[in-house]
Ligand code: NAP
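Next up is one chain by itself, shown in structure tokens, the form predicted on its own.
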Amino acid sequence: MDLGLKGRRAIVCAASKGLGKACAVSLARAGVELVINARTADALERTASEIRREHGVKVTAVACDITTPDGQKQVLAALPDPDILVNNAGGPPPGDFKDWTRDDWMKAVVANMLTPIELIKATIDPMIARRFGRVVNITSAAVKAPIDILGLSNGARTGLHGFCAGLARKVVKHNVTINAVLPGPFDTDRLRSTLKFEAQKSGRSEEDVAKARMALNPSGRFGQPAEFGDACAFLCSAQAGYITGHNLLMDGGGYPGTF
């Protein structure tokens, strides 16, 4: 399917690896020019070079911490008026809520709620003016079905969803949509770190923990990042203008509900 995105321009945050990279690759395949961001310059430039080589689109790499005002300024200086904004940031660490301080909570809220809101605020007016805009927030299946050891993520990301639910209804008449993709267990570094934490806590091997997690999922496996990237690209497509305010849960059927 031609997604109608050739020549469009996108900011994709935290895109050097994992789900952010997968989204950048899928958008590039559709002909989208990219500004990609991550904190590690070497890994980011490797990803940028790979995408340029394989898909022939312009890719600008901006190495910075997107959760800081300075990092946001750097990314927006590279592309102040994107057609597409993919918000993404690494989730806060797992743990016991009794051990978390106010500073831990503030870091989680800044990274996973306030940063996406600031980037939306900075880019939404040009989208409205050209009557095309797509915002996709990468959050977590934990918003739908909370995971006890990911309480920082559960709280901060749910706040972002609440904010976007209202804004999405205000801007859709301008062909600007705001949606979220909620990943369940995808085979990424983030998942592996969670498995390691669970293994250390339980005294089992990481391999045993991984097998047990896969066995609990109706699909019997972990998701592949490319699957996630293609779903994100469709939500950014010309055909998706009537989809807004939705949270696309991608978890292999793990959530046991009708709605």
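Sequential numbering from 1, following the sequence displayed. If you're wondering where the values come from, they're calculated on a predicted model, not measured in any experiment.
Absent from the display: the form predicted in complex with this ligand. The rest refers to it.
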property	result
Residue (of I84, A89, A108, V176) lying close to this ligand in the predicted complex, criterion heavy atoms within 4.5 Å	A89
This ligand: the contacting residue among S49, Q224, S219, T40 in the predicted complex [heavy atom, 4.5 Å]	T40
Exercise: I66 in contact with this ligand in the predicted complex, heavy atom 4.5 Å	yes
This ligand contact at D103 in the predicted complex, heavy atom, 4.5 Å	no
Interface membership of N137, this ligand in the predicted complex, 4.5 Å heavy atom rule	no
Proximity of G133 to this ligand in the predicted complex, heavy atoms at 4.5 Å	no
Heavy atom contact within 4.5 Å of this ligand in the predicted complex, the stretch among 168 to 176, 89 to 97, 76 to 84, 123 to 131	89 to 97
Heavy atom within 4.5 Å of this ligand in the predicted complex - qualifying residues of 179 to 218	P183, G184, P185, F186, T188, D189, R190, L191
